[in-house]
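Shown next as structure tokens: one chain only, the form predicted alone.
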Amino acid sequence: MDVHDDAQDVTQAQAGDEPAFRRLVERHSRGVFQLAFRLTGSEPDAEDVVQEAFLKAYRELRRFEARSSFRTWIHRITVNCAYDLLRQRPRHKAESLNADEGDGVGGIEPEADETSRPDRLAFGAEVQSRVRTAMDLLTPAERTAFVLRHFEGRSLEEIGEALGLRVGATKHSIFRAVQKMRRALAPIVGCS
């Protein structure tokens, strides 16, 4: 991805050039979806978040001042949309603790290749199930902080900005999330 392409397309889109905005959407939709999916853990929710994020970006594009890259800006909007959605969700659906439930959509797919042994595939599926269950146990703030820190590699300042938290509170959210994840995964990975 070329930052110069983004800058040019942003300028054109701010002037009302819809194809320029479409190019931005096409260029960033995959990354935005991946982020939304990690944050929500659900493909339909991630699709809703992506749609909402690009809609907000389109509405607010004239106010975008390019102090950050378009990618950073759209990812920040995505985090906010996902965080809002997570806060609206009922907490801890009892049926979500069943590892085998669901339609198979929305989870992290186990890596599989044709040379994988059945026991490794089964273990990978068990780990994926436990991770999904553990993620469901996190509060929206913890989940967002954990994903941004450990999947997206964001700084504490970036995470705090996205969540509206100070650095100390951000660290605490990440710490609580890690503790919950460790407890949930301890039976299968042996950490304590």
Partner chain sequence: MNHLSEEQLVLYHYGDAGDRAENAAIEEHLHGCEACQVQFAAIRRTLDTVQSAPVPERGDGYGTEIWMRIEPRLAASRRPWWQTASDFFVPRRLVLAGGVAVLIVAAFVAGRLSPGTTQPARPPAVAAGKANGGQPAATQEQVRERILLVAVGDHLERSQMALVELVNTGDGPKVDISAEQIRARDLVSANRLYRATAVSAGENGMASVLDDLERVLLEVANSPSTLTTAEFQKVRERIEAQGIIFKVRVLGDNVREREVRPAPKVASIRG
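Positions refer to the first chain, counted from 1. Treat the numbers as computed from the prediction; the structure is a model and nothing was measured.
Beyond the structure shown, there is the form predicted together with its partner chain, which is absent from this document and is the topic of what follows.
| request: Spell out, yes or no, whether the shortest heavy atom distance between Arg63 and its partner chain in the predicted bound form is within 4.5 Å. | output: Looking in the predicted bound form, residue contacts with its partner chain include Arg63, since a heavy atom lies within 4.5 Å.
| said: Taking any heavy atom pair closer than or equal to 4.5 Å as contact, tell me whether Ile174 reaches its partner chain in the predicted bound form. | reply: Yes, Ile174 is a contact residue.
| request: Although its partner chain is absent from this view, report whether Ser29 comes within 4.5 Å of it in the predicted bound form, heavy atoms only. | output: Because a heavy atom of Ser29 falls inside 4.5 Å of its partner chain in the predicted bound form, the answer is yes.
| query | Is there a heavy atom of Leu137 no more than 4.5 Å from a heavy atom of its partner chain in the predicted bound form? | reply | No, Leu137 is distant from the partner.
| field | Partner contacts for 35 to 51, taking its partner chain in the predicted bound form and a 4.5 Å heavy atom cut-off | value | Stretch hits, in order: Phe37, Arg38, Glu43, Glu47, Val50, Gln51.
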